[in-house]
Structures are given as structure tokens and as C-alpha cells.
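The chain below stands alone and is given in C-alpha cells; this is the form predicted on its own.
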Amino acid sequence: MKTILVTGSNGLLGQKLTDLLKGNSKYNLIATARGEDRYPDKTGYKYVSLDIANPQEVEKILSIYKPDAVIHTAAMTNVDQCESDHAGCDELNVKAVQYIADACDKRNIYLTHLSTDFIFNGEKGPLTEDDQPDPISYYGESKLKAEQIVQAMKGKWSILRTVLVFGIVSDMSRSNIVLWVKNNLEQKKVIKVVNDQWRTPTLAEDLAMGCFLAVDKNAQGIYNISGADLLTPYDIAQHTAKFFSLDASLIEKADSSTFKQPARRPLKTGFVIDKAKRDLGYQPHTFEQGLQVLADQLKQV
């Protein structure tokens, strides 16, 4: 039985990976995050506290558990926070990746690293794996530096780039665009949603499956792992309103210039996912199917 160690297991993707891997007959899961384990059912896997910004801890945990693969999901993902806290962003998104990459290389451990569409400037999309990164935010810069660290590894690695992940965790501690739209419309609030940004929103379960497929197939290189539907946030809001039978007239169109945010966002991204489909057998849900998955889970919360 092979061992997979996941960083950031308390996050949305981390919890979906726990859903997917716990009790798996082929893989033994070591889930890691800072502090206490927030996953509700503690059976079928082992949890270990790990601060990825502490190189001694990274070395210690990888030495003790000797995983065959690491799926690195932990990061500072708040784009505006990265813009205002460069040091914190560098620590979690760049230095920590170096610690993990070095520790994996030393032990011949396969590394799957999560990246983002925010490494691009937003001038065109959907993008392939061969398009040239050109980040316009500090978050994007930090994630590109992390990619370069992984690509410099001596051992085997994969980089999985993703876009606008949505889904729910059991304690509802994480929000995303779908939940934000649903909650506001249920409260009869008028919301302004941009219609000049384009994304391929990604169901968290699909991203977890992409991570699993990369590890299972020992994939090497960069892969786009996202949904297939190219939508604006306004489109996403309209689909969400219709699916949950909410009042779509409360949704107002806006353009990005009306939102004053510390960090710039790329206008157009989205991914071409043909390589992941061909090489990994990756098959994401449609956006509508993703809404159904989320709706089914909400009934159980």
C-alpha cells in the first residue's frame, strides 16, 4: 500500500481529498494542516499537525511517515491579503514550497503541487499549459515562483493549475461564489456581479480527482485541472439563481472597474483541459452537475 501525504487538509480541497482517499484499499492517507483536524469523521486516515512554514517540521514529518507522494494544497489564497502582506505570502506560497520540494527531493518523493490561473495576465483565454505566465498580482507572482521551484526539482513532480474552485465543507466554514450568491439571494439582497471576467469554475470534487489521477498515474509536468464551462461571475450567479429557484432580478451586472480591490484580477482566463482528459482520464462535471453535487451535500449539513 502506498502512502499519500496531503498538506492543507483542513481546506476545501484538502477535505475533498480526505473524502476521496480515506479508507482507500490502495493508498494510505496522512492528512496534515496547522492546528486541530477539522474533518468530521476521523476514521480511515491519520492526521498530523504540520506547519509548512517550518522547515524542521517539514523534514521531521516526511522522515517519520516516508510518503510515496505529497499533494501540496496549503497556501495563502486570499489575493488581497497577499497584496498587503508580502512577507506572509512569501512565507507560505514560496518558502514553504521550497522546504517541501527539498524534502521530497531528498527522499525521492513524488510531489503534486497546486497552482492557479492567476499566474496569467488575463488578456486571453481559455489557456493551455503552454501559454506564458505573466502575473499581475503579488499572489500570482508568488504562485509562479512556486511553480519554478517545483520545476527545478530533480525528482518527479506535477503542477496542477486550477480556476475558481467551489464546493462546501461539512462545517460550512468556507465560502465561494456559488454559496455567496445563494445566501444573498435567499436573504433578498441585491448583488452586483462582474460580467467582464471569464473563468472555468471548478467543482472541488473534480479538483481532488485530478490530484488523485496525477498521483495514481505518476504524471510528470503541468496540467490544467478545471471545469469545462467558460462563464463570467454574472453567468455563474444567473445559473445559481435558476438552479435554486431564487430571484435572478436581484442580480445586477457590473464591470471590474466598479470594484476597488487591493489586488488586480486577470479579466479572462479559463483553461483548455484536453491534456488532462487525454493523459489522466480527467472528466469534470458540467457547471450544472456541480450545482447538483453541492445541493445534495447541503441537504446533509
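Only a predicted model underlies this, so the values are computations on that prediction, with no experimental measurement involved. A residue's number is simply how far along the shown sequence it sits, counting from 1.
Missing here is the form predicted together with a small molecule; even so, the following discussion is about that form.
Site annotation in the model of the complex: the residue of S173, Q187, S84, Q151 reaching within 4.5 Å of the small molecule with a heavy atom is S173. Only one of the listed residues (V163, M209, V178, V215) places a non-hydrogen atom within 4.5 angstroms of the small molecule in the model of the complex, and that residue is V163. Residues with any non-hydrogen atom within 4.5 angstroms of the small molecule in the model of the complex fall in just one of 272-280, 52-60, 250-258, 233-241: 52-60. In the model of the complex, the small molecule sits within 4.5 Å of a heavy atom belonging to A75. When the small molecule is considered in the model of the complex, R34 lines it closely, a heavy atom lying within 4.5 Å.
Using a 4.5 angstroms limit between non-hydrogen atoms, R264 is distant from the small molecule in the model of the complex. Residue contact check for G11: one or more of its heavy atoms lie within 4.5 Å of the small molecule in the model of the complex.
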